[in-house]
Structure formats: C-alpha cells, structure tokens
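So this first bit is one chain, no partners, the form predicted alone, shown in structure tokens.
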Amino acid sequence: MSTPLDYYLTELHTLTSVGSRRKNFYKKLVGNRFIDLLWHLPSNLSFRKLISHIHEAPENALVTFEATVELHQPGLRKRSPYRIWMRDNKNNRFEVLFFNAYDRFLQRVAPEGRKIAVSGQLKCDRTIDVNRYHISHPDFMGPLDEIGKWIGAERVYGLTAGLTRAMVVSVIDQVLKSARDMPEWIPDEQISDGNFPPFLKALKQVHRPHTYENLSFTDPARQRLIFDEFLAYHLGMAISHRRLKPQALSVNQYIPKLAKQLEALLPFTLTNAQISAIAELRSDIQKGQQMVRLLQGDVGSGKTLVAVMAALDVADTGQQTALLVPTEILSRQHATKIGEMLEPLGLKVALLTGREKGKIREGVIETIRSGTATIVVGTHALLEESVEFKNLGLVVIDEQHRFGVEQRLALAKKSSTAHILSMTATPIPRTLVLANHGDMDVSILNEKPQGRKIIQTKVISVDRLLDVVEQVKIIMGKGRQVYWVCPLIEESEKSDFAAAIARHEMLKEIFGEKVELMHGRMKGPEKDAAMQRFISGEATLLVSTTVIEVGVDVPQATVMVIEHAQRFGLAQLHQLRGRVGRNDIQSFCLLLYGQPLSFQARKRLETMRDCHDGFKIAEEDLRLRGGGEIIGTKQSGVPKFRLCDLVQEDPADATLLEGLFAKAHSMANEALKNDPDLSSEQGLALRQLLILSEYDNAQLLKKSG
C-alpha cells in the first residue's frame, strides 16, 4: 500500500485528464508531481453572478444563466468557429462560439430545443444598429440542476499557454479529493502558537478561498504552508552547511600580544564598533570551538584592520592566516598595506596570485609551506593543491559573496580546524543575513573612522557634462584626485552611453598626461601600472570601469564621477561612492544620468542622493531589486520561494513574513540540535517535508536514504 508521501510524489501525467497530451503544459506551469500542483496557490478571486437575462450582465462579466438552445451552426471553413445560437429567458438572442470543436460532443450536451445552464464571460460587440452578445468557449454548458456549482466566488490561478482555469481547477480538485494527511512535522506548541491547521486541511483551505482575506498572508492556512516551505529551506541549508560545521578545538587562552603592539603603533584610534568586533572574534578563537563568523560593514568602516587583528591573535599561537580576495588589484593592495602595517612587528606577508610564475611562485609557496609567511594574501591561486600551509589557523574570505560554496570549502580543506571569517563590504539586510548566513555568527561595523565627512552626492543630467568637467578641473587644480567611472569598455551600435575608452580620449585632450585609464580587459601588469600612477599622484584623474568598485583605497581621491549612473544598482553605486571620502577633506560623488530615466532608476538615484547609511541603502536595494538566487554556489540575493516573495511592498506583509522566516529558522536549528540525524518521529516527518519541498539534496539524506 502506498504511503501519503508516495501519493504526493505521483507524476501528474498518470491522471487521464493530464496524460501525455498536457503533461508538458503542467510541467512548464508547476512541475511533474501532485505536490507541485498543490503548491500552486490561487492568486485571486473572481465572482460569478447569477442573472435572469443577458442585458442584466455587467460588461465582460462572468455570469451564469438559463438559456434555450436554438440552432447549431458548424463552421463552413476549417478555421471558422462552431456557433450555437441560444435565447435567454426573455427571448434575447446570443451566440456561443467554439474553435476546434467536437461537433458530436456539443450536440450531446446542448441539443437543439433543450433548456440548459450556461456559464462564462459574456461579451458584447456593439455595432451601429445592434448589440451582439456572445460567449467564447463557456466554462460550463449542461443540465439545469448543476447551475448552483457555477455561482459565487471562484479562485484564479496563474496559467500557461495550453491550460485554462477550468482545467487547472479540475485537476487540483481531483488530486485533493484522494489526498491523505502527512505525519506532522511541526511541534504542537508551534501549531498552537501559529494557529496552524494540519497540512492537508491547509492545502484544502487555500485552494477553496471564499473571501479576499483567504488570499492574504494573514490567513492561517496560507501561513501554515509558507512556514512549511521556510522550514524546509532552513533545514536543507543547515544540513548542506554541515560540511562547514564548526569543529571542537582545545581551549586556547592565549594572551593577545601582537594585536596590542599593532594597536599602539596605529596613528588613529579604533572605533567602538571595531573594538567590539575584535572582542567577539577573540572570544570565538579562545573558547575552544572553530569560529565561523561573518563580518559585515559599510565601505570604509575598517574591516581589514579587524581581520588583521584576528590574524595577529592566531599568530600569537604560532599559526598562519590565509586572506582570499576576489581581484588581483585588491590582493596586491592588501598585501602592500598589511605588509607595511606588520613590518615593525617583524612579521612577513606573502602574496600569491595567478601572475606569480616560475621561481618567484616556488619561492612564495615555500614561505607558506615553511611557515615563514604569517599572513598569505591571494586570489583563487590560494585554492590550488600545490599550496600547503605549515599551520593554517585562520581563513579570511574578503567580499565573500564573490566566492561560491565550493571555493570556500576548497580553502577550508587546507585545515579542517582553521577559523573561518567571511567579510563583506556590502551591508546585508536582516532577511538576507538569516537566509544566507543563518549558520554563522555575525559582527557588524556600523561606524566610520573619526574625522570622516559625509560624501556630498549630487544627481546631474549628462547634458551638463562640460560643467562637470569644469568642476573636475577646479578640484584637480587643488591637488585632489578624481575617479571617473563608465559602464562599458567600448561603444556599440546598441548602446548610446559613454564608454571608458572614448571618455579617456576626450578627457586626455583636456587634462593631458594627468589622465589614466583602467579596465577589465587590460593585462595584470598594465592595470598595476595604471593604478600605481594614480596611487602615487602622478595621474590625478582615473577613468575606469567598475574594476575599482571594491577595496581600492586612495586617500587623496575626493571626487567620484559615475557616468550613466542609472545603469548601476544601488549596492554598486554605494560601493563606488565609497572609493572617496577616505580622509578629513570634503568629498563628492556626482551621479550623471541619461534619458530615458525609468521610475526605478529615478528612485535609486534619489536614494543615493539622500541616504549615506549602507544598511538602509541595502534594504532599499532589496525592495527595489527584488529576489535573487541563493541556493547552490551563488550566495547573494533573496531565495525564490514558491508560495511567497520575501520582498514585499507592504511593510505589514514584510514584517509578518520575516517573522515566519525567523521562526522557521529557529525551529530548524532546534530540530537538528535535538535530533542531528532526523531519526525521531518528528525527524522522519521533517525528512518527508524536505522531499516534498525538494530541499532533500543534503549529504545527510543522501547517506541515510
């Protein structure tokens, strides 16, 4: 005898009403299984009205009424419609149209001279002398005693070509009729707290709404199913993240000497947020369990220094640190800055990127293997098997969203007990932190170093380009430096916005050799040379694509010009703006926009002009941009769910869903804490939920079936 789970996993094509003829339509709409169809919830309600005659009907309304069949009129040509002429109870004539009709079927359900019930969308074609009423492909045509079924509220579903509402409703009702309840995976107290109905009852209720309130997130049945999906998501994520499960270590009560020495040498005072984050990391490293922590902070908040302090704590115990960064430019900048910082302490910093070759590369690898290098900075080259650490104690992943899970695991494999610190300069909204990093502790840097001024941001039409150039000339005359960012490398027939190469040529005619160019197609040494000219002050205007978006630090740069800023997302604009304002001099960000300017683009530019808090900008970016991909190796964006979108315009809906999301996260963690193998009665029920929701691909489930 099949189980309830087997029933929900049955393929839709086994139903005669679906079969091979329509299975691909359903696959495109929802998927292959019964449960996939039941996850497809109604999106709206329509109300079918009972009328006594056709003149009583609102325009284009769904109506039901009695009619007498007058005449069948088959189409004369192949593509002509099949017409059935009828009259209502007041003898008003109308026609019912069918395309690709089965003549015998229509003659059987609506024989001439018979009074029947008709239901569908009644339309009126108005001409000069007459109004002509018709219904195309009515939803129902049949016995009068079934007329009651076609009156009142009806649910509306999203559809795809090849399927009608009536077809989908019929198949859903057919599947629900034989469905059985599943073992309960939610504890009784959670059921009571949320006023949740049982799983099968919730499915039946959401598919039979009576009012618009039944369609809202406040409806207990809909909430129950949304909670189920959130719960399955968090369980699946937690199980898959067990590959990074923190290891138990021996308690390490070291005295932080090196970090104290470095702090005494710094020409500035740490912010309170930095002091707090350093204390959190130090506590993690000392308490006898592998640290897995996310350090997030706004641009220029001092994350790198916090990571260096953690590396020095690890160095106090004789261990090394690996710092993985996404770009060569950033890796070289980090290696240089950290090297200068640690030189007075007598510590060595090594750099390994794809550019180091031959004997130079062998020399770097040897310093890593021997332990001579205390901190190793590098790009993906650090992940190669030939790179072996003597005693790796800390893995720092900078701009962690640019690396997939597998890349992070590859570095973590260099030492199964190394502490893991992920960093991001893109502030992450609360919901995303929970979705992406629910298995991590989080430290936040929400302060800027003392003396930093708010960057004045101005939104300017690209038509005023020459005025901007004049302002840049004044700024450069004061010895300040300027970034000028363009969205493309070269012009194309399909795009009319400025390209970096063309803008570089124009500005070079005005400013001469003071202008430098940098873009992603340049070779490594060329980019280094261009960046070095800018850092040294030899060049005072750098025309660039977004390769300078993350991490580049030139304190004398006080102006950021972003051309065609409407082409960029909020988070990217905020990152670019963060390249200036890194000293106590007033800095500016000029957002040049072109036409046409969409509503969303205008909102982004206004947000950038009026807001300087990266966390608030991230929330607004999430609201404007909506969901993104998260499962798999991509770790940014909001997960896409079947039953709801976490990004909601209505603050009340957003708060409600975030609350459910957080509760599901807590319940998933509690369930795995109490039953790691999901072998209890509730654990086995949770396994079935994972399978129903297709979050069952974690190692635990593969291992144990």
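For the two forms, the rigid core is made up of the largest set of C-alpha atoms that agree within 1.5 Å on superposition. The first residue of the sequence shown is number 1, and the count goes up from there. Since we're looking at a predicted model, the values are computed, not measured.
This next part talks about the form predicted in complex with a small molecule, which is not shown.
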Can you pick the one in Arg452, His380, Arg480, Arg87 that has a heavy atom within 4.5 Å of the small molecule in the predicted bound form? Arg452
Heavy atom within 4.5 Å of the small molecule in the predicted bound form, from candidates Ile368, Val175, Ile278, Leu305, belongs to Leu305
Counting any heavy atom within 4.5 Å as contact, can you tell me which stretch out of 279 to 287, 222 to 230, 530 to 538, 296 to 304 lines the small molecule in the predicted bound form? 296 to 304
Report yes if any heavy atom of Phe268 sits within 4.5 Å of a heavy atom of the small molecule in the predicted bound form; otherwise report no. yes
Examine Gln274 and determine whether its closest non-hydrogen atom to the small molecule in the predicted bound form is within 4.5 angstroms. yes
Just checking whether Arg355 would be counted as a contact of the small molecule in the predicted bound form - the rule being heavy atoms within 4.5 angstroms. no
I'd like to know if Lys337 sits close to the small molecule in the predicted bound form, meaning any non-hydrogen atom pair within 4.5 angstroms. yes
Against the rigid core, is the Cα displacement of Glu340 between the shown form and the other one at least 2 Å? yes
